[in-house]
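Presented as structure tokens, the chain that follows is alone, the form predicted alone.
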Amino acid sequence: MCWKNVTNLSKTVTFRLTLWYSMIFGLLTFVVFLVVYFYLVSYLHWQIENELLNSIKEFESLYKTGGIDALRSEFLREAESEGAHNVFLCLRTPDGKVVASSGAGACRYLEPLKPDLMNSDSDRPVLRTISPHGLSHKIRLVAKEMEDGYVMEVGRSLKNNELMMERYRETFGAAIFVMITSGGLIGWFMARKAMSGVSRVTTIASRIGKGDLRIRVPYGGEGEEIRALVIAFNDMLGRIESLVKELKHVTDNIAHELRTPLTRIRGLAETTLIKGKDVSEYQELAASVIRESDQLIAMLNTMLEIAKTDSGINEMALEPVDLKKIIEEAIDLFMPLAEEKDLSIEVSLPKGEVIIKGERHRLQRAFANLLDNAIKYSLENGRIEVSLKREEHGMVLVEIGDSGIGIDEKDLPYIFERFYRGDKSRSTPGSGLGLSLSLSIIRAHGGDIQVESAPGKGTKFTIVLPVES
């Protein structure tokens, strides 16, 4: 179990971010160390070489003015001042015999300079680093051939420099450990803070998986990226919740509304089977079944269209359409029905086109339902008024009014609900879905429908649509 937890932890984004932080901190620290290390080494070499070159110049000058005795005395004084194990001074004859030194045995650590190592230009000293036997530290040595052929050697121990660099490496080892540890801790803290929003979304998603679609992910202060994720997730939840509600609503409606026609079909079939005596009765039954089936199919199609429009599943193909032309076509379509009831249709439309962005087929269906209702619930010799006008702020207003039976005040809040039919409309054929579909279509275009009505005085629907929806 413990090993499994460790394995799972190593797969988390938090762990990987922490590892990256530690690696970056360690790498940056190492690079800084290398830069400082090489700079320090170069500086110390430059410093000791300058000291050696200045020293050999001074000794050379003393040799020229004071001779070997003066140089020997200065060698001894220098050794006493700097320490016999820190400076190594030697003057050799051309055949390598020591004639002056900084102390007994000082020249034995300095190997005589080989002729082939001497620079062709004898005025220029030769610099080198040697590792003499018997000494634990290296010596930086400068050698120069004098005018009389003698060779002067001046060396300094690199003990102090080597100890300094050793301390530096030890300090760096501790520093890089501290930096990697600090980087890991900071990385863990930052990763945990950054991933807290994701963890919150994951927790909510787990609860949603158990069926609770009402909850939403709360906003935190982790940053704009997590905020955008939370917004997108909550939007998705809202959409899913809407779809599930719509599905439940449709299922409930189907279960409720199918019962009546199916019972009616069953009753017709049962009656025909019991009492039917000839083919004509069975033919009448078949015709009734077809009629009922067609009505059921139309009702199901309308319910599905409302559900898809409300939930936004079907994206509309918006394009510039002439709303005036759509209304004119709808009036032409229903004119014969109006004439059958001796209804007059008064139309007030603006001059020129009224272009809005919409889907022609759906808008036609929405206005057709409203006109159909106006004709259906108008008394004979009644009047229907249809008007279209442009409003301020980029809106258009469509009014469809009739002088029909009107709607009771108690029914007005519910007339756009699916299958709702007021008491006065129950005797009129219809499914109770027309107004629901019209409202869904208009709202899908960014508009809305308002209704005013009074019993016995008629009803007026006011449709508001944006020019750019």
Partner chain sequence: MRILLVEDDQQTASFIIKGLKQEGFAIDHALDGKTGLDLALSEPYDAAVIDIMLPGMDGLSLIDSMRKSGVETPVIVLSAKGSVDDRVKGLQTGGDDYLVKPFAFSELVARIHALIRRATRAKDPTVLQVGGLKMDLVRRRVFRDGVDIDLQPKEFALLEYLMRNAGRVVSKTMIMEHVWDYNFDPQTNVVEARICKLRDKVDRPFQKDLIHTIRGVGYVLEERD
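Numbering follows the first chain given and starts at 1. Nothing here was measured: the structure is a model prediction, and the numbers come from that model.
Quick note: we don't show the form predicted in complex with its partner chain, though the next part is all about it.
Interface stretch in the predicted bound form with its partner chain - options 210-218, 92-100, 195-203, 283-291, non-hydrogen atom within 4.5 Å: Careful reading of the contacts points to 283-291.
Selected contact from I355, L333, L163, V178, since only one has a non-hydrogen atom within 4.5 angstroms of its partner chain in the predicted bound form: None of the others qualify; the residue that does is L333.
Position in contact with its partner chain when the complex is considered in the predicted bound form, options S378, T272, N234, Q364, heavy atoms within 4.5 Å: The residue from S378, T272, N234, Q364 that makes the contact is Q364.
Site check Q295, L337 and E359: each within 4.5 Å of its partner chain in the predicted bound form by heavy atom: Contact check passed for all of Q295, L337 and E359.
Any non-hydrogen atom of K324 within 4.5 angstroms of its partner chain in the predicted bound form: Although its partner chain is absent here, K324 would stay clear of it in the predicted bound form, with no heavy atoms inside 4.5 Å.
E74: touches its partner chain in the predicted bound form, heavy atom cutoff 4.5 angstroms: Output for E74 is no: heavy atoms all beyond 4.5 Å of its partner chain.
Its partner chain contact at D372 in the predicted bound form, heavy atom, 4.5 Å: Output for D372 is yes: heavy atoms within 4.5 Å of its partner chain.
Contact label in the predicted bound form: R140 to its partner chain, heavy atom within 4.5 Å: No, R140 is distant from the partner.
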